[in-house]
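Shown below, as structure tokens, is a lone chain in the form predicted alone; questions about how it binds or moves come after it.
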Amino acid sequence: MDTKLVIAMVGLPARGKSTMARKIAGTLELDEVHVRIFNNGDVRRQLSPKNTSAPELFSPENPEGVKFRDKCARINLGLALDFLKSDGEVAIIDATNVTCQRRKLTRKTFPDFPVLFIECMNTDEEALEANLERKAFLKEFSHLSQEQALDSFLKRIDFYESVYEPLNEERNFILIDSFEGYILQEQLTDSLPYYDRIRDLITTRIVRNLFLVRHGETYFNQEDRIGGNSDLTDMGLAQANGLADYFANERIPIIFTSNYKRTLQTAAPIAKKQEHCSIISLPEFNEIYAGVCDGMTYSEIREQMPEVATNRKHNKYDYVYPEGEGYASMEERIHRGLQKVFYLNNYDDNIMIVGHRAVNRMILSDFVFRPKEEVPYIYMPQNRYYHIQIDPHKKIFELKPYTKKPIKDKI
């Protein structure tokens, strides 16, 4: 069987094409396949000495822009063809490819090799908006303010949408929801090398490095109170600074937190020691809401609401606080929060989540099998962090201290 394959990404900007391309390439490399990504944007930036981020360049009514971008596409396809004609096995064309004409050009360029089109879609407006805001920090927009950059990128998307044509004539294609991580539609006419592997990994979560951190000690922790929006204590600030020193040499482009002060105060010194690190607060990662018990100590609950203490002890996972939440009722929002994390994070970047005890337990249960009745008892200290790494060949799960002499733990 021939081992040569062309994968052509398809989709509007900010839909996850480049992340998916890197995910496919990274996995095939682990399988010892000689694969390379060919990005149209890289050619465009190299070919022009001036900045080419202006939205007018992408207008279908701009003849010079159309001609220039067509030239970039042909050069990129030529580089991919040369790669396959030598010792390359899989060439991934990372471009929008939203018109039938461009896709026909791709097929025409590779008459001797099968072509698989993979289109990334995302109908989740909230996640898309967050991803667009991230695009405003790209290097090619560095001469613009964040607001100007976002406006420029949105205009570019409008131009692409005006000429967008869905997949229909292509012999081989997969249409995927890049946010939900599942296949919407597929058509396979030819026998393609690596197809089973590619199809499997599209829906498989791959994690380069996930650092799952619990916030530092708070005043409510000292008083054994639940919930609330307490600040960090001096000890908590020392723990946050210890984390910042420990991760100073790890590249962390985004730190995901909840909306509560204790996670933001823990993340702030970590981000400060990074270069170009964003903090993104997700309400999905807010701590379990204890309803009428919010702000109370556990001893007060036992004394004033013995039925709450008894019922929760009997079934901690499924129990829901009066007018509040429980572990089971948090499951959907925690899952959605993780979907946002992996959609917004590049495949080859490290990920950090600074969360809460119950929330982090739920996050861990998404990666490591634990019976649901055991999830509320997963050890979640404040002087260590969980490190998770998953690829198609292995899974690493470890609890690690972040100082040589761990700062005392108060849980």
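All residue numbers refer to positions in the sequence shown, first residue = 1. Source: prediction; values computed, not measured.
What comes next is about the form predicted in complex with a small molecule, which does not appear here.
A heavy atom within 4.5 Å of the small molecule in the model of the complex is found for one listed residue only; from F256, F117, Y327, F247, this is Y327. Checked against the small molecule in the model of the complex, the residues P376, G65, G26, G41 give one hit for a heavy atom within 4.5 Å, which is P376.
For the three marked residues, R214, R225 and R361, a heavy atom of each sits within 4.5 Å of the small molecule in the model of the complex.
Of the stretches 105-113, 90-98, 190-198, 225-233, only 225-233 has residues with a heavy atom within 4.5 Å of the small molecule in the model of the complex.
When the small molecule is considered in the model of the complex, R69 lies well away from it, no heavy atom lying within 4.5 Å.
The small molecule is not shown here, and in the model of the complex it never comes within 4.5 Å of any heavy atom of R134.
Of the heavy atoms in A267, none are within 4.5 Å of the small molecule in the model of the complex. Interface membership of R156, defined by any non-hydrogen atom within 4.5 Å of the small molecule in the model of the complex, is ruled out.
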